[in-house]
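To begin, one chain is listed below as structure tokens, in the form predicted alone.
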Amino acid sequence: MDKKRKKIDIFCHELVPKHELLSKEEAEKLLKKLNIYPEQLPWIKKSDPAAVAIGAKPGDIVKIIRKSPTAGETVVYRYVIDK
């Protein structure tokens, strides 16, 4: 029996917000602006399906853009951890 799995694009689902990896320069600029260390951001595991889909590695910062009925668009950041 062939157990090939069909790859599904999770970002096609309406409830999954857009995820983007920040470049090192963008991450440094964000951390300087917020005057924080990366570990002080909320965390996202490297095994999270969205993190896997964008190729996030521990130490990266992910920008998540959510649609909001009241605010229009909300941007949050997550620090990728290994656990």
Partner chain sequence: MSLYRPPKKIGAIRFGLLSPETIRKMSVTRIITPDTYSEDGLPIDSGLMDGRLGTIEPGQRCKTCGNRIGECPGHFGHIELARPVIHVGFAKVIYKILRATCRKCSRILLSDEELEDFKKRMDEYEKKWKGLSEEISDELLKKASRVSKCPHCGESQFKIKFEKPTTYYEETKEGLRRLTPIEIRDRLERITDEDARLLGINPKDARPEWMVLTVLPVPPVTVRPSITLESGVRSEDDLTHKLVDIIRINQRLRENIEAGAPQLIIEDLWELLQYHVITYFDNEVSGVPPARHRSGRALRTLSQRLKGKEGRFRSNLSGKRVDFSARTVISPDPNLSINEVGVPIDIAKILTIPERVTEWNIEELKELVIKGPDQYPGANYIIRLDGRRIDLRYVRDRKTIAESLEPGFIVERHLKDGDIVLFNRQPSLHRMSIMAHEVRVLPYRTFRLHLCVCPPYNADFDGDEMNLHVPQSEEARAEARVLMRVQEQVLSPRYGGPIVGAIQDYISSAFLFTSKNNLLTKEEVCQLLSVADYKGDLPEPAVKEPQPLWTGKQIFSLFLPKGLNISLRASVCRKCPGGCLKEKCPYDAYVAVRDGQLITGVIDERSIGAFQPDSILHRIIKDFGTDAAREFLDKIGKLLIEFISRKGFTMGLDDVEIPKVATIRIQEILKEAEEKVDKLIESYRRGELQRLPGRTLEETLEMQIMKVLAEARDKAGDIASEHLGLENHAVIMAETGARGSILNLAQMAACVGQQSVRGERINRGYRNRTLPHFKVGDLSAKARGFVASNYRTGLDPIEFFFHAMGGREGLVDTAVRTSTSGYMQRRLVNALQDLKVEYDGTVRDASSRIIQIIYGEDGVDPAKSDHGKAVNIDIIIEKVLSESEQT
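Owing to the predicted nature of the structure, the values given are computational and were not obtained by experimental measurement. Residue numbers count along the first chain shown, from 1.
Quick note: we don't show the form predicted together with its partner chain, though the next part is all about it.
Participant: Would residue 49 sit within 4.5 Å of its partner chain in the predicted bound form, counting heavy atoms only?
Facilitator: Contact check for residue 49: no, nothing within 4.5 Å of its partner chain in the predicted bound form.
Participant: Residue-level question: is residue 53 within 4.5 Å of its partner chain in the predicted bound form, judged on heavy atoms?
Facilitator: No - in the predicted bound form, heavy atoms of residue 53 and its partner chain never come within 4.5 Å of each other.
Participant: State yes or no: in the predicted bound form, is some non-hydrogen atom of residue 68 no more than 4.5 angstroms from a non-hydrogen atom of its partner chain?
Facilitator: Result yes; residue 68 sits at the interface with its partner chain in the predicted bound form.
Participant: Spell out, yes or no, whether the shortest heavy atom distance between residue 75 and its partner chain in the predicted bound form is within 4.5 Å.
Facilitator: Residue-level check for residue 75: yes, a contact with its partner chain.
Participant: Using a 4.5 Å cut-off on any heavy atom, which residues of 14-34 would contact its partner chain in the predicted bound form?
Facilitator: Only a single residue, 34, comes within 4.5 Å of the partner.
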